[in-house]
Each structure stands twice: as structure tokens, then as C-alpha cells.
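Just one chain is shown here, as C-alpha cells, and it is the form predicted alone.
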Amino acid sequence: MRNNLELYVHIPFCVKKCGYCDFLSFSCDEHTQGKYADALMREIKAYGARMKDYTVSTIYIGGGTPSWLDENKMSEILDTVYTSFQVSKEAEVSMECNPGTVTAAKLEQYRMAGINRLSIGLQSADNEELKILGRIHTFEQFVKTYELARNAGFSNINVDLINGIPYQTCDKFLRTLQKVVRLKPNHISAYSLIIEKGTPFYERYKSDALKQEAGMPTDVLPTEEEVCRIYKMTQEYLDKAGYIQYEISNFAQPGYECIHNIGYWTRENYLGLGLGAASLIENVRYANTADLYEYMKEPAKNRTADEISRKAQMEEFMFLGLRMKEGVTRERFFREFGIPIDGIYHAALEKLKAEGMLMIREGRIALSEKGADLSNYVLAQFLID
């Protein structure tokens, strides 16, 4: 019996790095991009030869801005994946793109190469907020990109949004949601802005971020209370618009949940290809080098390995599984670990149930509405001493 495998392909190039971004991404000349793509294809071939017992169920091309790469190189990369791996005929094949980086011809080539799902990075429908974030596009350019994608035949499109932007209010984010929902994307990801160390935003807003975390009045960032209001409003508005919330930050029209991301949250095997890409194969975590020139020299060799302890596997099972609306099941926990979930987490489950943080019924354990609001507290209870 063949095992399922998800593929993540990293394209680290951007036109310009946004001030909040802590992903491994940077601007780069076309010659270096071409050399990187060639190295990536060598890595794909090497791992395809080693993983003949797996069937690829999903492919996700992320970045960076994958749509900034030459479309002929993107087609070559996907051709290499299809010839090197056994890819399911029903595979979900997603690619991230940014407004202003695609044309009708590019999108047509992507579709012909096998991409069947696009994730477009909008972040906000407010042009002033886009400037604050350092985005290279306007809302009007996003709409043009979205329409080009629909006209090219893409019937599965996600739109990425960020809330908690400096100076943002609940009403402002509602206007973004209203403008996006009018376009009827199949999926909406609405993430809260996190001020990450090492980013320009951290230097700019770290004092405000600490105040926000402590529940104190802030100067620029929305207060913790306002962030909660934005989240509640998002849930209610998207629910009325026909989107199902299937994970803390993800909403989909029925049948359009992101299969690739669900695989991450349920701890499926995934293989990361490209600069700095991470993998999880049979409970061993791998990571590629983040040094561009080391990677291009030996793309399938500079990789670290770290076996995940049984304790850490159980913690991950709970942390990731409880992010999803449907939660985790007793049956799956037993299948994964050979012990009833109560044998490990009886005290935590009883405590959280009594506090109204969990819904436990018919063998399923999920966050209640109260538990979702206090998810950091809830998940901390599943750390094993």
C-alpha cells in the first residue's frame, strides 16, 4: 500500500519584501532566479527517486512570490515534479501569487502546467493599509488580477487577508471583507498580524505589540479588545456569507477547504523542496539549508534531521488538531499512539471541559467558542510535563 505525501515547493523571490514578513524571501536578479530553479529541479529529481513508495496528494507552491518567477521556469518545475513523483490525478495543486505579478498569458500557462488552485495575497482592500504593510499593489490591481484568474479558468481561488494592521478598526476590516465577499472567492484566509522579531515592523511597533499583549491601551496597533472584536465580526460576517470556518483563520465555501493545509494540521507526511523548506516524514523533521548559494551548489544534501519524540508527537497532535473546527477524535489518537487519549490527557480534558473551553461528544474533542477565544491558554494545557 502506497503512503500519501504532500509536497511544498519554495520560491523565495519577491519584488520587494514587506515590512511585516519574516518568511525566507528576498528580491533577486533573473539570472540567479534561473540558477535557483535549476537547482530546485535537481532536488526534485533526487527526492523523487528516493520516495517511490509515496503518492503525492497535494502540491503547494509558496514563497516569496512564486508568480514573480518566469512562467516557463515554473512550468519546467511542475513538469519535473510530475515526471519524478507519482502524483494523484485528483491532486490539489496550489500556487501563491500577488497582484500585479501575473498576466493573462502567465495564468493560462499555470493552468496548463497543472495548477488548479490559486492563493492571491490581497491582505487589505484599503489602499492606505496596503501602504502601511509595504505591499506593492492597490486594491484595484488585486481586482484585475482576480478577474484575470477567473477568466483563465481558475475555479478554486483563495484570498489572503491580514487583520490587526496599525490604525485598523473593526469597521475598516468589515469594509475589506465586504469588498472581497462581493467577488465570491472560494476560500478566505484571515490572519491576525503578528509583529515578528527581525522584521522592520518589530523595530517600528515592538512597544505597541507588548502593550497589546498585556491588554493595555495602544498608540498605533488595535488594542487586544479591538482585535477580538475584529475576529468575532469576521466569523459572523463570513458565516452569513456562506463560508464555513474549518480552522482558526480559514474559511471556505462548502467543498473548498484547503486539502494541503488540512494535511499539515493532521500531521500527514510532507516533503519541503527548495531553500529553507521543512519536511515531516514518518515523524522525522527535516530542514533544508537557508543559505542560497549552499543550496544551489548541493540542493539535495544540506538538510538537517530531527526525530520527534513520542511526547512531542502527542503535543503536536493536540496543538494542530484543535486549530480545526472539528477538533480531534479519540479514535485517531488511539490509532496514532496505541493508548487512549484519557490515558495521557484525562486531567487536562476534565479541567478544560469544566471551564467550558472544550466540547466533548461522540468521540470528538473540539474547542468551544470560549476555548477558541482563549486558544493559547487551552493549548498550553496539553504540554506534557
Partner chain sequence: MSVKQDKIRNFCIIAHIDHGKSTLADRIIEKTGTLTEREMQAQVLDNMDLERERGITIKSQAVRIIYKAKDGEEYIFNLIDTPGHVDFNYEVSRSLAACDGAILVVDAAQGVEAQTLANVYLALDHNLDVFPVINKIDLPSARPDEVCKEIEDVIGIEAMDAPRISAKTGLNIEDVLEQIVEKIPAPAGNPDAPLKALIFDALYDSYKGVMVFCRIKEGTIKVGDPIKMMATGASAQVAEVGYFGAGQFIPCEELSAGMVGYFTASIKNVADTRVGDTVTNANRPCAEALPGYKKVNPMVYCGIYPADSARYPDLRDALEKLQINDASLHFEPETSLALGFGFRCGFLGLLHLEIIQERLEREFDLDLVTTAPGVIYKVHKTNGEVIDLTNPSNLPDPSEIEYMEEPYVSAEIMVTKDYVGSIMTLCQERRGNYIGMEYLEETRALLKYELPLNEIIYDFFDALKSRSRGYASFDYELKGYERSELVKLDILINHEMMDALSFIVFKDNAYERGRRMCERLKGEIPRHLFEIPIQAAVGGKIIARETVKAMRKDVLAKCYGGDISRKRKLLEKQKEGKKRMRQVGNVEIPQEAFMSVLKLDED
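Numbering follows the first chain given and starts at 1. Predicted model only: the values in this text are computed from it and were never measured.
Separately, the form predicted together with the partner chain exists; it is not shown, and the next lines address it.
Checking 336-344, 317-325, 27-35, 66-74 against the partner chain in the predicted complex, the stretch whose residues place heavy atoms within 4.5 Å of it is 317-325. Within 4.5 Å of the partner chain in the predicted complex, a heavy atom is found for every one of 22, 249 and 264. Using a 4.5 angstroms threshold between heavy atoms, residue 96 counts as touching the partner chain in the predicted complex. Taking non-hydrogen atoms only, residue 357 approaches the partner chain to within 4.5 angstroms in the predicted complex. Interface residue remark: residue 374 is counted as part of the site for the partner chain in the predicted complex, having a heavy atom within 4.5 Å. Within this chain, residue 175 is remote from the site of the partner chain in the predicted complex, having no heavy atom within 4.5 Å. Note on the partner interface in the predicted complex: the residue among 298, 196, 79, 147 having a heavy atom within 4.5 angstroms of the partner chain is 196. Shown without its partner, this chain lists 224, 128, 268, 108 as candidates; in the predicted complex, only 224 has a non-hydrogen atom within 4.5 angstroms of the partner chain. For the stretch 264-303, the set of residues having any non-hydrogen atom within 4.5 angstroms of the partner chain in the predicted complex comprises 264, 265, 270, 275, 276, 278, 285, in sequence order.
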